[in-house]
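Take a look at this single chain, the form predicted alone, given in structure tokens.
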Amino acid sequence: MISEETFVAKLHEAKACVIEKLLEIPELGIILGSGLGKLAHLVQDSIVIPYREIPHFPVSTVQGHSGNLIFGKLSGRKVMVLQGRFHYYEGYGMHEVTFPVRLMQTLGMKSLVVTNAAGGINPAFQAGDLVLIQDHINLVGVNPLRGANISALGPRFPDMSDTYYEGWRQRALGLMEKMKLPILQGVYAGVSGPSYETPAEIRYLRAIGADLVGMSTVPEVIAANHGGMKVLGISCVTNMAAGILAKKLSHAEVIETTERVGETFVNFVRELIQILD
């Protein structure tokens, strides 16, 4: 278990590395999920820092995660974009999974848009839908705040009653209507992976109120809330979960679907970040 002093020291080393390359501090963080990295190519005046060049930063090992930290401007906003994330199933500890969010907080950032590829549980969804995350259920099996509290970043017992900031979500729903996209929101169940869920597990998740399931996001969002950040979450439904359709699941299908809906996703996020305060 890492101590608060050690973790904070690592954060400041990473911050020092990043700061010396930047012209200005970003205001909005964006985490891009599997296959959704194309948005990063639209960042203007970009400064690209491979994860491997940042002290103590983990490295992405999953197909569809490029592994770059990108700074610049998107739709007029100063952004920090993670082109690829880290997962508990890769063998990383929670301090490593949430390290990028903690770096954002150490830089003074207060806003985060988090995206992911997710399996659809709600039968009203279909592959290719963009769904706003209304709330989540943590079934990863561990909480990223376990252990010594990082008091410099947040309280021991943070409130999670508005985890995905409702004010932003209402604006995003309005934008969906304006762009003539299906107006969808739901509860995301975060699991550890890497195996896909069984049909019985999907029936269980549906019974407890989940509309989506995935292997990321929840630890990052808990850490973001702990550090006082506003969060908006967007899931791209890349496949219907096990047992809902009579077909096998594969990561190739995830990448294929995100490729297919990539333009819609990019256009939505570009419009969206203009209306987030």
Ligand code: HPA
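For clarity, every value in this text was computed on a predicted model and none was experimentally measured. Heads up: residue numbers just count along the shown sequence, starting at 1.
Just so you know, the form predicted together with the named molecule exists too; it's not on screen, but the next bit is about it.
A.B. asks: Select from the listed residues 97, 117, 187, 130 the one whose heavy atoms reach within 4.5 Å of the named molecule in the predicted bound form.
C.D. replies: That would be 117.
A.B. asks: Though the named molecule is not shown, can you say which of 224, 30, 213, 36 has a heavy atom within 4.5 Å of it in the predicted bound form?
C.D. replies: Of 224, 30, 213, 36, the residue with a heavy atom within 4.5 Å of the named molecule in the predicted bound form is 213.
A.B. asks: Is residue 218 a contact residue for the named molecule in the predicted bound form, using a 4.5 Å heavy atom cut-off?
C.D. replies: Contact with the named molecule, no.
A.B. asks: Find out whether any non-hydrogen atom of residue 238 is located within 4.5 angstroms of the named molecule in the predicted bound form, and reply yes or no.
C.D. replies: Heavy-atom contact with the named molecule at 4.5 Å: present for residue 238.
A.B. asks: In the predicted bound form, is there a heavy atom of the named molecule that lies within 4.5 Å of any heavy atom of residue 11, even though the partner is absent here?
C.D. replies: Answer no; every heavy atom of residue 11 is more than 4.5 Å from the named molecule in the predicted bound form.
A.B. asks: Going by a heavy atom distance of 4.5 Å, is residue 196 a contact of the named molecule in the predicted bound form?
C.D. replies: Yes, residue 196 sits close enough to the named molecule in the predicted bound form that at least one of its heavy atoms falls within 4.5 Å.
A.B. asks: Sort through 173-181, 76-84, 149-157, 118-126 and report the only stretch with a non-hydrogen atom within 4.5 Å of the named molecule in the predicted bound form.
C.D. replies: Result for this chain: 118-126.
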